[in-house]
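Next up: a single chain in structure tokens, the form predicted alone.
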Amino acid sequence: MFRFPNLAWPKRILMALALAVLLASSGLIAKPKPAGHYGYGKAATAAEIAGWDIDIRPDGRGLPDASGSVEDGEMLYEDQCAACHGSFGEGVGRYPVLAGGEGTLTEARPEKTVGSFWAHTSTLFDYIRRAMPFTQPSSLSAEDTYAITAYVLYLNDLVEDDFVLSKETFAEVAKLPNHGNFTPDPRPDVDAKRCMKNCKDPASVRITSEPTILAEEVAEDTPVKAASPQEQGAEVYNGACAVCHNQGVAGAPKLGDKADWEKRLSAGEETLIKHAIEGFQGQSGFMPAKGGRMDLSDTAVAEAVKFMLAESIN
């Protein structure tokens, strides 16, 4: 039994003190939360943080313990990269050119490649590791990433054919030829100015990086030719679909393979379009939603499918 000393305290205070002692001893009083805690979630574990902490710094900090040679990279590049970037890094269609372009940065149409424009090899390694190959991003092992990075450097005449890239040799190629031409950008992050009164009408605001053509700027007699659905489909195909459907990557039906397309069309054109938009796992391959190009509209994907059907069956 809890007893208070024989003091002349008011009975109300004594009762409050007794209640506080009982609650504290029973654990019913919640412990104070640390600053910034809102009562939900939990602190990330070291293993969870490590899963996201994969960025590579310009000095090579963060590189995994592995290595890859130019020789191994050549085979991997041909298998995983050449369909988009060309066997010599020359680029296919609208996919990026990776090699060449030296001395073109001052021209009207500069060719920005790893060798002519990029500043750090860490950017190349990090991007390959996170985003490549196009149809299966983040599927390459550390060894594969080292090897492909080494081969792209070789395509740009930055290393010899016997070079092996690793944490130990990274410093030799950490800075790329155009490194010295990169300077900090002194401009602010926004183009807008603060406004508290007499503000601009929001409807008149335009994105300054994209040209805006107003109706009054176009002469009434100027003929405007709209692209046909077939032309629109061909443009989407060349920009987003050709990388898989030209080569049959991941089980994709090749453009012009009538038998394969007729088999898939047996489910109906609407179903085929639905699979292209939403994604589909078939018996012979995998179709990611919109081919991984989530910036495309459903209509654009549908026109691309119709284009492929027309080119393959009709």
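Rigid core: the largest C-alpha set superposing within 1.5 Å between the two forms. In case it trips you up, residue 1 is the first one in the sequence shown, and so on. Remember, it's a predicted structure, so these values are computed and weren't measured experimentally.
There is also a form predicted in complex with a small molecule; it is not shown, and the following applies to it.
> Report whether the minimum heavy atom distance between Ile148 and the small molecule in the predicted bound form is within 4.5 Å.
Looking in the predicted bound form, residue contacts with the small molecule include Ile148, since a heavy atom lies within 4.5 Å.
> Answer for His120 alone: is it within 4.5 Å of the small molecule in the predicted bound form, judged on heavy atom distances?
Outside the cut-off, so no.
> Quick one: does Gly91 come within 4.5 Å of the small molecule in the predicted bound form, counting heavy atoms only?
Gly91: no, not in contact with the small molecule in the predicted bound form.
> Residue-level question: is Gly256 within 4.5 Å of the small molecule in the predicted bound form, judged on heavy atoms?
So Gly256 does not count as contacting the small molecule.
> Just one stretch in 123 to 131, 176 to 184, 195 to 203, 158 to 166 has heavy atoms within 4.5 Å of the small molecule in the predicted bound form, so which one is it?
Among the candidates, contact is made by 123 to 131.
> With the distance limit set at 4.5 angstroms and only heavy atoms considered, check whether Gly251, Ala276 and Gln283 all reach the small molecule in the predicted bound form.
Heavy-atom distance to the small molecule in the predicted bound form: all three under 4.5 Å.
> Once the core is aligned, please say if the CA of Lys263 is shifted by at least 2 angstroms between this form and the one not shown.
Yes: Lys263 shifts by at least 2 Å between this form and the one not shown.
> Verify the C-alpha shift of Ala66 between this form and the one not shown: is it 2 Å or more after superposing the core?
Superposed on the core, Ala66 moves its C-alpha less than 2 Å between this form and the one not shown.
> Take the rigid core as the frame of reference and indicate whether the C-alpha of Leu272 shifts by 2 Å or more between this form and the one not shown.
For Leu272, whose C-alpha is compared between this form and the one not shown after core superposition, the shift is 2 Å or more.
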